[in-house]
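One chain comes next, on its own, written out as structure tokens in the form predicted on its own.
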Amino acid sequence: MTETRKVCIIGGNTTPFDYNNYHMTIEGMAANVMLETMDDLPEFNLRDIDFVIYSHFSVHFGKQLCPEWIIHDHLGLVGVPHFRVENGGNTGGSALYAAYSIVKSGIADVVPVIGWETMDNVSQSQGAEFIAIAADTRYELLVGGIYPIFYAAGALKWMKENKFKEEDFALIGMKNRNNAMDNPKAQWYRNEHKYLTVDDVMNSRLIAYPLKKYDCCLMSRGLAIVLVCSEEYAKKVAKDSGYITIDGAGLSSCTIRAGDRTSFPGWNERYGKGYPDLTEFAACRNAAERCFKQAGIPWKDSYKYIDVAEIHDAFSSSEAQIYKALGWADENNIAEFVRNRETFMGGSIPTNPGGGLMGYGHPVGATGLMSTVEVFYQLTGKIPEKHLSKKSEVPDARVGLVNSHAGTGTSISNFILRTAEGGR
């Protein structure tokens, strides 16, 4: 890659995220989001696009192989090269990483990333089964393994090792859904639409101990677009509307089965024997270290250098585990870090002010892009325009983090985004 070539984001938007309340086609969703993005960027033209990355997790939901071809045709992008990325819950982050790599290398200058999922085409139980097919079907699925069970098992052991309580997880579930109450495109805002307390989370239906209903993300329909480009193009079309740079990008992997991670040679070489065990996300740490190094940020206490973060909260427990993998806290202070509400609005690092997967929703192929869009809004001052007020705006945010996560930590990406004039 050309180290001196900067990669920028000049725009992005999402459809409303929802479930069973609207049934727009995927090409209709893409057209609507592209039109909103073009309204934000009057100088941007579809004819400027020279590559497209599509982000879509499972063709099972839409019963259509190569659905990206339909969107590509509908947008009139004949002749423009494209391909689709599928990488579990990290599909959006992986697609963004692909677009970043293509622009960084000089292959293309203007690369939209378009991601979606139509999970409400099937029942919730059928959807859970489709997602479980991303586990090892030869072993885990055959014994009834689905992802809430996998995460619950890890969360229970992690609680004991980190002096964590169920109420600590509930704080995170409460935070993200309440943040979504200022976001009209969020599924929580559009449906249950209420502010929660810790008791509300604790009293919600048990899914798999220690996880309750309000500790879990929302299955969704939705689409998101992020416009990635060279700095030269950004200065040409987004000088007035605002653009940001991708100053760090990290992508890493781990075993598909958490039980295989104990004393895994690759991790022993990096971090010493005993890590990551069954409960830590080593791929997140590894991707963060790579990303932060590019951006000039130390891994330890990295939250002190970041103003806002959107991270993958498929479960409240996984958000807490990700805090630790990002270097924000360790086993000695992670419980205190959460109880002090460090990741709430007004805390040291507001996290998921857009609502996250628990508040905004989780249409898998769109999710990592939604997180990127929300950080883009924060860094370019667009929150009052895109949300209902300044309530969920982080004042003077200049450095943002986006985290995307798949499996039980099987694939993870991290990005550092900065305002165009640089960080602190």
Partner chain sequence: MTNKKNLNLHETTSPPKMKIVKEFRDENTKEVGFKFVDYYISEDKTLFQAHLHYDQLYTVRSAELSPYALGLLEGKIMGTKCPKCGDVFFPPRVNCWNLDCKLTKTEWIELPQTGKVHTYTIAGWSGRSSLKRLPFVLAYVILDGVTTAVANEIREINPWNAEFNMLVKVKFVPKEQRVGAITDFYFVPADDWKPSPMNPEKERIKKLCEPVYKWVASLK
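Positions refer to the first chain, counted from 1. Predicted model, so just to flag it, every value in this text is computed and none were measured.
Not pictured, yet referred to below: the form predicted in complex with its partner chain.
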{"query": "Site test, Ala31, Arg47 and Ile102 vs its partner chain in the predicted bound form, non-hydrogen atom cutoff 4.5 Å", "finding": "no"}
{"query": "Partner-proximal stretch of 184-192, 299-307, 244-252, 118-126 relative to its partner chain in the predicted bound form, 4.5 angstroms, heavy atom", "finding": "118-126"}
{"query": "Contact test in the predicted bound form: Asn333 vs its partner chain, heavy atoms, 4.5 Å", "finding": "no"}
{"query": "Distance check, Lys239 to its partner chain in the predicted bound form, heavy atom within 4.5 Å", "finding": "no"}
{"query": "Contact of Tyr275 with its partner chain in the predicted bound form (heavy atom, 4.5 Å)", "finding": "no"}
{"query": "is_contact(Phe292, its partner chain) in the predicted bound form, heavy atom dist at most 4.5 Å", "finding": "no"}
{"query": "Answer option from Ala134, Ile349, Ala152, Leu171, heavy atom within 4.5 Å of its partner chain in the predicted bound form", "finding": "Ala152"}
{"query": "Val80, Met345, Leu75, Ile146 - the one with a heavy atom within 4.5 Å of its partner chain in the predicted bound form", "finding": "Ile146"}
{"query": "Within 257-283, the residues that have a heavy atom no more than 4.5 Å from its partner chain in the predicted bound form", "finding": "Arg257, Ala258, Gly259, Asp260, Thr262, Ser263, Phe264, Pro265, Asp277, Leu278"}
